[in-house]
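Below are two forms of the same protein chain, given as structure tokens: structure 1, then structure 2.
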Structure 1
Amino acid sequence: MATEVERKTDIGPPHYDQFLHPLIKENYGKWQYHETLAPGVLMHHGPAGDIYTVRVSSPRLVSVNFLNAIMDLADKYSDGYFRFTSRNNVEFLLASKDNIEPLKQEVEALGLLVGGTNNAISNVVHTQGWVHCHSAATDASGLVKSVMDELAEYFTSMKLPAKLRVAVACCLNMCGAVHASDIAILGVHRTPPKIDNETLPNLCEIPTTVASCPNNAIRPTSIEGKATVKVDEEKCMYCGNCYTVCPAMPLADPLNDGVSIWVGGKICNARTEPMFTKLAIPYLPNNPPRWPEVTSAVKKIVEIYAANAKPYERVGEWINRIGWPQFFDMAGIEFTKYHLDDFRHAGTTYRRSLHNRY
């Protein structure tokens, strides 16, 4: 294993080597095999000894009290070592097998679950939602909590045909992995921004605001001698880019904003090439705090997938095998004009040659 290179500045993250468990350091590059001992519990074997991983559910946005509780458990059972995965699971790294059950009992006493490995739903990766995002069409944290309360049995067991990844993004800018997850929940705006013509000249730079629109839907104008902008509603796709640079163009609309459901994405190359998600349900209403329409729709898709897919078949692979019309029938989804897909990859339409042709 390469030794840590001396840092010349404090720019960038510290070298990961200093955070590895001693057993991981000794086994680095020498691992021989691994086993799944139970849902959420893994064992990796190397010449320096076995190390055990206990994967625990976690909210993405956590409090200091939560972190203190996790660190106390790590100090008690895993020599102070734990990590967060890319999907916000907490993983404790144990050198002793005897610590697994006591750790699981204390974790469950905190109201957390152990699971998320192999053929299971892992933790949901999601965006900021109403808690922090300026352009959110829906909440993320509350939506994830509501959905996973219904799907907890698929986190604590490994009874799905294959692993299942769920993602939530609170608007079309998709800070979450909704384009490449098995099931994606995406917040959608449906009305153009509301322009505050009184404050816009004092808050916003007109050229920057005009340039922020990817559809060229914003034009400069003036009202009673004051510079402002106008929006071509036919061109607006409700992305919120304008509000990002101009706070006088708020997009949030409590009555019309909602949620869409997308399915069939994946990143891995196993069996089939990576796939983007495709639209399943164009719109469901925002009904906090439990979002019953959304949770019901997602649970139904998971259940019909679990009952009908072949072993190791991801959601998108299963749908492609049975056909989209049959999937829509099984899920009770109405086909609408919004499902018509006329998108073509830009590589087929861009001029990619240096030669001028007329």
Structure 2
Amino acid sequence: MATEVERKTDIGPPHYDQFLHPLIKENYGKWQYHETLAPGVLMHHGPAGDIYTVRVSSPRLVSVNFLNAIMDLADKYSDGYFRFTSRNNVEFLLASKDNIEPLKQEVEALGLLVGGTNNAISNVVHTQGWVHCHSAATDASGLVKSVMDELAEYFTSMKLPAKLRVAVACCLNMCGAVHASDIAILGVHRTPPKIDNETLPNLCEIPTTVASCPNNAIRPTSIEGKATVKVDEEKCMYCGNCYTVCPAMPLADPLNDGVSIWVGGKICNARTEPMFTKLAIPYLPNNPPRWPEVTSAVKKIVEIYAANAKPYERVGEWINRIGWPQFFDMAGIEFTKYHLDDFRHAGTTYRRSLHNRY
């Protein structure tokens, strides 16, 4: 008979020390500089010696088979040590320079790409989409796959003016940081929640639901004596806050859900301060499995940026230099009333000077 082992809680993650390559431990906190030897290949120099990093693409949504294959390669080439980046790339940490080429070949044989360093498009951070989330206005994994199939050459090379960060989120909850990416692809609903008056009274607290709406669009009401809510459609901006607290108010609408494109955000402090992404294209249709309208729009933006920005200029810095009118012109994007902010502090985005380009 198996003896019951004591149930453990609150043990937290294991100590990172045991996962650091011995060479990393010796150089810990003493690194002097790094060099990029080739796209996806870095050398970090420290007093105890150099460590070589090979950065590899990953779809992020993976199987144990994928990880097992990665770990087999780690055992073979990097003494079993590897890590993941904040953008979900895999990084092998090699003590021997001679292992770089054979590892690259095996990685490529697995159908993975080596790259994502310096002036490249790194992996796309993204969310769950139709694979796993109730809120999604589009799929995330499919969009990423479709877009990166088109842009793979920018992952495996370093020919862009600066690094370019792409992110995908499948609804306004934005589980990924799309609000500060060079290019963001954001799933949008375009119609108000569809209230299920049958289940709402059982599933949702009316005051909480009413309070959840940032635009005060929700009012308590009663239908045939049953308490429920109604939505003032004029005021609804399809943000999905109500749905988060009340499952009886879904927003999914196959006819109208789709994708918007945002540009010019940035996180790192280099040269200019962090910036939010701004709306470029208010709506493109959901067209799975390949979203051709989205991929071609994103590709166009990447190409005009690549052709026109100065070295080290991020997308937002480039647009600030040339001005938004010229950006819309070059990108061939129609400027519409949807581009004018009408939420809190909207006025701060209006032109309040005569600094315009004609």
Partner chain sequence: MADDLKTPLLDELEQGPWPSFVKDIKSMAGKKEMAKDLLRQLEKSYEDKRGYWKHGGLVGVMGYGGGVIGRYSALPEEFPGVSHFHTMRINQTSGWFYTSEALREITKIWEEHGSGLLNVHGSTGDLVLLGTRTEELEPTFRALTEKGWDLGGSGSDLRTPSCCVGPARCENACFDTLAVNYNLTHQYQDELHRPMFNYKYKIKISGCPNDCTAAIARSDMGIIGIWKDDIQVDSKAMADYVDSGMDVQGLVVENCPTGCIQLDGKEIRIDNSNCVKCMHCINVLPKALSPGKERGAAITLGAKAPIVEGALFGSVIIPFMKIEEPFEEVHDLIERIWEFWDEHGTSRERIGEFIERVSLAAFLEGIGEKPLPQMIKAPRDNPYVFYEEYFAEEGEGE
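Worth saying up front: this structure is predicted, and the values here are computed from it rather than measured. The term rigid core refers to the maximal set of C-alpha atoms that superpose within 1.5 Å between the two forms. Structure 1's sequence is the ruler for residue numbers, which start at 1.
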task: Eyeball the pair and call it: which is the form predicted in complex with the partner chain?
output: 2
- request: Once the core is aligned, please say if the CA of Val90 is shifted by at least 2 angstroms between structures 1 and 2.
  value: no
- prompt: Do you see a C-alpha shift of 2 Å or more at Gln105 between structures 1 and 2, with the core held fixed?
  reply: no
message: So that I can tell if Asn216 moves, could you say whether its C-alpha shifts by at least 2 Å between structures 1 and 2 after the core superposition?
response: yes
- prompt: For Pro247, what C-alpha shift in Å is seen between structures 1 and 2 once the core is overlaid?
  reply: 2.3
